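Single chain ahead, written as structure tokens, the form predicted on its own.
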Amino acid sequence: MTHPSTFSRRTLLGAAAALGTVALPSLAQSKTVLRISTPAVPDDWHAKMWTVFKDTLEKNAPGEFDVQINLNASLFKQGTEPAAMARGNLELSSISAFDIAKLVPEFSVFTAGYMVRDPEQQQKIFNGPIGAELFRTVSEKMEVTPLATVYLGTRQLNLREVRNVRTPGDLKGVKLRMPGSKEWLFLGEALGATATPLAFGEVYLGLKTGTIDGQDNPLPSVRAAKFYEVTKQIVLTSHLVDGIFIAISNKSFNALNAAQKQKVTAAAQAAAAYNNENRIKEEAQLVEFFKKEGLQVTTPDLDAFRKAVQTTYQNSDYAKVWPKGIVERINATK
């Protein structure tokens, strides 16, 4: 026969265990899950910045969020994240100006050459009234809220033979590899070159054999792909200061209270600042690296390039969807 006290102790222990199994999930459920999907590889600043986001949020809102980082496009394929966020199937990702322009055509002004001068001006544009207006439209049309602007890199020209490049006229006849979309090819032509579409994986051989005369990319990409082995010159045209935007699904953002919204935004801005600082530093060091590798590094007449390229865009169909006066407002942002 079971002793009464043993029975009651067992019953109590059983009840406590049962309570425990009930209590634990509810404790976990009290955390807000924030899943991040990014195509970035682990050693990219864009991947590392999400750890900064997670750590900052944990510090400012301990125990409130469960941040899950998914790298290498392992959760959602690159380019599918905006739709996933709009449906509420994903909380956070970084989206490009090209992604946004597909649904918010006026945003295509930031896919055009020479709209943004440098990373510093980029931050001023997007943290100021222009950014506030456009981000409001993005939120309405895409069901996502941009939280911070991330510097992606400044695209420069990289030529297989040395040329004296001062103005767009000096690139006449240069077969310049550009990504295959019509927007990229338009930019190549606007720079004065003969835009030539070629897959990224074929660029090294194309430069080596002379199928193409040059290519454009941010300097870290030139080093990573070893294009410096088959080229002789970097021309610092700085023709596209590229950015991506840390964005959160409206469904997720609207479910947060005011204090949480502020903390999530602050964490996104800390992540962007970390990326921006490190990427700018890396680009500056790369100029010296390429010189040591024997490449000539030259700077053309940037005002001549900016004026010619902006005029080409403003006379094109692209400019028809831009908000009135936006180019002047961007140029005036100092």
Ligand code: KDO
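Keep in mind that this is a model prediction, so the values were computed, not measured. Sequential numbering from 1, following the sequence displayed. Basically, rigid core = biggest C-alpha set you can superpose within 1.5 Å across the two forms.
Although it is not shown, the form predicted together with this ligand is what the next lines describe.
K.L.:
Heavy atoms within 4.5 Å of this ligand in the predicted bound form: which of the stretches 54 to 62, 281 to 289, 264 to 272, 39 to 47 has them?
P.N.:
Correct option: 39 to 47.
K.L.:
Tell me, out of Q123, N250, S238, N217, which residue has a non-hydrogen atom within 4.5 angstroms of this ligand in the predicted bound form.
P.N.:
Spelling it out, the residue with a heavy atom inside the cut-off is N217.
K.L.:
Quick one: from S96, T196, T111, Q233, grab the residue that has a heavy atom within 4.5 Å of this ligand in the predicted bound form.
P.N.:
Contact with this ligand in the predicted bound form is made by S96 alone.
K.L.:
I'd like to know if Q78 sits close to this ligand in the predicted bound form, meaning any non-hydrogen atom pair within 4.5 angstroms.
P.N.:
Q78: yes, in contact with this ligand in the predicted bound form.
K.L.:
I'd like to know if P168 sits close to this ligand in the predicted bound form, meaning any non-hydrogen atom pair within 4.5 angstroms.
P.N.:
Close contact is absent here: in the predicted bound form, P168 is far from this ligand, nothing within 4.5 Å, heavy atoms only.
K.L.:
At the 4.5 Å heavy atom threshold, is P179 in contact with this ligand in the predicted bound form?
P.N.:
Taking the distances in the predicted bound form, the answer for P179 is yes, it comes within 4.5 Å of this ligand.
K.L.:
Looking in the predicted bound form, any heavy atom of Y204 within 4.5 Å of this ligand?
P.N.:
No, Y204 is distant from the partner.
K.L.:
Is it true that L185, F305 and Y318 each have at least one non-hydrogen atom within 4.5 Å of this ligand in the predicted bound form?
P.N.:
Not a single listed residue reaches this ligand in the predicted bound form, so no.
K.L.:
For a quick test of reading the superposition: does S181 move by 2 Å or more at the CA between the shown form and the other one, rigid core aligned?
P.N.:
Yes, the C-alpha moves 2 Å or more.
K.L.:
Cα of V203 displaced 2 Å or more between the shown form and the other one, core superposed?
P.N.:
Yes, its C-alpha moves 2 Å or more.
K.L.:
Fitting the rigid core first, would the Cα of K124 be found 2 Å or more away between the shown form and the other one?
P.N.:
Result for K124: no, shift under 2 Å.
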